[in-house]
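This document opens with one chain alone, in structure tokens, the form predicted alone.
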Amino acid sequence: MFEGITKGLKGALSFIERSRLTESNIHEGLGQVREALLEADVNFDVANDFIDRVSVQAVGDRVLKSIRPSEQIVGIVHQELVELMGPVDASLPIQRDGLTVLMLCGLQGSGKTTTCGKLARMLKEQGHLPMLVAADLQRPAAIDQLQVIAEQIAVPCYTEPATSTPLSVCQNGLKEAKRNPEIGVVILDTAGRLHVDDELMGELEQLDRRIQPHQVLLVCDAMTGQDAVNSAKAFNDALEVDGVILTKLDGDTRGGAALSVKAVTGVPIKFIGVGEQLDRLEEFRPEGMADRILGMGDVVGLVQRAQEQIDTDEALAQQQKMMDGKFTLEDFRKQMRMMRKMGPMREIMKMIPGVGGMVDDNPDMENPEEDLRRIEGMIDSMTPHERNNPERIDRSRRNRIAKGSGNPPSEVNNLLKQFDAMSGMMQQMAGMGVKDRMRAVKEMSEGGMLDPGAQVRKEKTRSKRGSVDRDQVRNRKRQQRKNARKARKRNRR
């Protein structure tokens, strides 16, 4: 997510950190920041205003005469990023009595129907029973898609034949919801178009006027960049949108839409879609997004994901096992499965402070998911006795595990070595304070323990290149010594 803008901003800010700060080179560095924003498809006026605000603060005496001026500038950029995207109130106005009506609108292909399901799932987890209403009568199979989603999350869905009108579907859906006292929220999935047009806006304006939803939420595809911003402005001009849901943010390498929507339209981003699964909808937090854009991680976001996906009692039991030195490969496998529920491993690792930058800087760390699957396959090929007593795994057992998992014995050996080192480190971390734990996490990352497939990739790379002949190494060293002697002779002359 946002790899392009993160790399550009880090490069520009590192230039400022390397320089002896003066007003001129601050302006030069901020020029690079502006260039990074524009390359990330941030709105032109938004990028200029952002740089103007940062410049006013960055060239002041408070910064230039401070002990660590470069850190002050990073802090200013961070705060301005937060201001650019916020403030945000991600809460929804759920009524205590009666129905709460939410209307979702957007262009075709933005992920609107799937987002209806994600929002319904989130509300259900919060203790509300939502009902979906299939009012998108334009797109073929939109009604069927919403019904399938409703079945997956076990919520009611109201539908009518495609020959009906969107207004009658919504009105009849509300009547149906009022008959069931358990239903507290109605989510209207309205029609979209390939582009903003008068017919679409007329239909939505009629629904807005007749149904009077409590909130209108616009669904935008983050990967379309400034097109998403322009469509958001058009929808807001017609409907007075209450909030934006940015979808496909996990595939957006630029970030222009996220940084521009609020500034251009005045409408806050309330939620973000970070995956295709129905549990991949998050509240939008400008502070966490600014942290991640600047490569600082996002601890709060990481904790929230963990609380949603990881069983608390199971996690406490695992921690106690670490403290007691009884952490086994069976426990390790359980932890891997819990972590994979939180989302793609590459994104999770980027949320850990001090680790995100290493993920971006390490081209080999392209697909940790595949490495975890390979490791899980090796553990699955072990007997319960071997998982709970990994020190008992001898050569013959390693060969059997390797054959069963389709991996060479050397990879099984590397797994056992890494697990032994990691379990010892985790046992030490269990008794540490927060700062010491963060330091230990960084050490584990630098040692490759947070990237379980690192050793595997090294072995593969080594086998591809072929083993280096020892005679070649000797000849190279001999030549280096000769060159050094010649250099010494020249210096004496």
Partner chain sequence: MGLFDRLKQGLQKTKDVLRTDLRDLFQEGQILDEDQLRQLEGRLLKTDMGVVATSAIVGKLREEYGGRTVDVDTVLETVKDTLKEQLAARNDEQEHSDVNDPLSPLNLSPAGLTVILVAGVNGVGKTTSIAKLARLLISSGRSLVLVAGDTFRAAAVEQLTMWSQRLGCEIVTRPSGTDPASVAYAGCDRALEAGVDCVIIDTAGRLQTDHNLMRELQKIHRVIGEKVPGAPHESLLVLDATTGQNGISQAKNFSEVVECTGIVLAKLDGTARGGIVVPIRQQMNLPVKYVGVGEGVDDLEPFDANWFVDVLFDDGP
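Residue numbers count along the first chain shown, from 1. For clarity, a rigid core is taken as the largest C-alpha set superposing within 1.5 Å between two forms. Worth saying up front: this structure is predicted, and the values here are computed from it rather than measured.
Another form, the form predicted in complex with the partner chain, is not on view; read the next lines as being about it.
Annotated contacts: Ala135, Ile183 and Pro213 are all free of the partner chain in the predicted bound form [non-hydrogen atom within 4.5 angstroms]. Of the candidates Ala263, Val155, Ile379, Met223, Met223 is the one whose heavy atoms come within 4.5 Å of the partner chain in the predicted bound form; the others do not. Checked against the partner chain in the predicted bound form, the candidates Gln418, Thr328, Gln335, Asn230 yield a single residue with a heavy atom inside 4.5 Å, and that residue is Asn230.
Looking at Val54, you'd find every heavy atom of it more than 4.5 angstroms from the partner chain in the predicted bound form. Contact annotation: Glu411 falls outside 4.5 Å of the partner chain in the predicted bound form, judged by heavy atom distances. For Thr253, a non-hydrogen atom is located within 4.5 Å of the partner chain in the predicted bound form, even though that partner is not displayed. In the predicted bound form, no heavy atom of Glu28 sits within 4.5 Å of the partner chain.
Looking at 116 to 124, 383 to 391, 145 to 153, 80 to 88, the stretch with residues near the partner chain in the predicted bound form, meaning non-hydrogen atoms within 4.5 angstroms, turns out to be 145 to 153. Residues Leu194, His195, Val196, Asp197, Leu200 are the ones in 171 to 201 with at least one heavy atom within 4.5 Å of the partner chain in the predicted bound form, listed in sequence order. Once the rigid core is overlaid between this form and the one not shown, Lys124 does not reach a Cα shift of 2 Å, moving by less than that. After superposition on the rigid core, displacement of the C-alpha of Lys178 between this form and the one not shown stays below 2 Å. Once both forms are fitted on their core, the CA shift for Val88 between this form and the one not shown remains under 2 Å. In the predicted bound form, the CA atoms of His195 and Gln206 come closer by at least 3 angstroms compared with the shown structure. Legend note: Cα of Ala238 to Cα of His195 is at least 3 Å closer in the predicted bound form than in the depicted form.
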